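Consider the single chain below, provided in structure tokens and representing the form predicted alone.
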């Protein structure tokens, strides 16, 4: 049979999930990716893209549903570009995430025998996010504050309520939208530079009840935004921080080049693992507080600290892992590129009475070789890199440091597999990998890997 083309309608079964959450089916061996497809489905699909090696299609009809298909509770599901797996039963989500971690590690090969542990499920499937970022769009008379439509950056859904964030943040989102519209504040236009508002980022201390509103705008119009900040604090008393981040560049990111305090203080507090953490607007902090405690307990156990070790914490963020481990070792060095996160880490150490941590601001590839030159030796290294994983120079420096144990926390199984290959080539053995589901209903997968230096 000839290969189907764009616009054709085909009937196919879905037998797998791709990394982005699309269903994977085949027509006479020709791969078709289907958004919203669930393994076990039989679907009638119209092809909207056809390439030599694969096609993409949209569902026209579900001929036979998978036993793992469920009704998604969110009214925006299918249109919103956020959580893409709400229509898949949670046990099946966990199984597919585990399989994807295994596929990444096994595809590269050469790792030797290692244990792939059962995935740790999340205790809460909804309301678990302590941070959400919403885009501002529309006109002064019809301002939208919401999330991008799936696979589109030119259309924003005016989301009234997101099921992944707690009720307190949904109330804050509603109040912010109401006041923005009442004051006729315009969305910023990247082409003309006109308008003001770009993003509204919300943070919550799920254990402390504190909340932050971070308004990202194209100009430092403090006098314009101060009344909005005061109203939010008056209407929702848990709002202890309202800040303005200014980003006048074309880059569509919710991080400003300058920050101004509009009301309250410049941070919120959160409690985790028996410690209190100050979290500012642009600092990294694990987005799922409750599941982060399980993740960090796993990291702590994997470190096997006896009290006399020196630990290096790479990509240390606001110092969460560093401070939790500092209670069980001699000294911790944390390295983090974000200056504001390092400032938070120093404040967090002081607030918790911890004095055996040193935090360094800068890139791991620069600071880690410098520590080695200064004669620092570490028995244990913990690394929690961004999705891109290690820079090659940083990975070489880690091998040169030669710790006895490496505990690697990954948010991307593909770069985890790549970096583990580099570490095994540098004399390490992969003992085990533990997937952890930090983000139910999304394709994102967290995993912890423990490596030991070969004798």
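Numbering follows the first chain given and starts at 1. Here the structure is a predicted model, which is why all the values come from computation and not from measurement.
What comes next is about the form predicted together with a small molecule, which does not appear here.
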property: Residue stretch of 331-339, 141-149, 348-356, 110-118 approaching the small molecule in the predicted bound form, non-hydrogen atom distance within 4.5 Å; result: 331-339
property: Distance check, residue 274 to the small molecule in the predicted bound form, heavy atom within 4.5 Å; result: no
property: Any non-hydrogen atom of residue 384 within 4.5 angstroms of the small molecule in the predicted bound form; result: yes
property: Partner proximity in the predicted bound form: residue 309 to the small molecule, non-hydrogen atom cutoff 4.5 Å; result: no
property: Residue 321, heavy atom within 4.5 angstroms of the small molecule in the predicted bound form; result: yes
property: The unique member of 239, 286, 165, 93 whose heavy atoms fall within 4.5 Å of the small molecule in the predicted bound form; result: 286
property: Among the candidates 188, 315, 134, 76, the residue which, in the predicted bound form, approaches the small molecule to within 4.5 Å (heavy atoms); result: 315
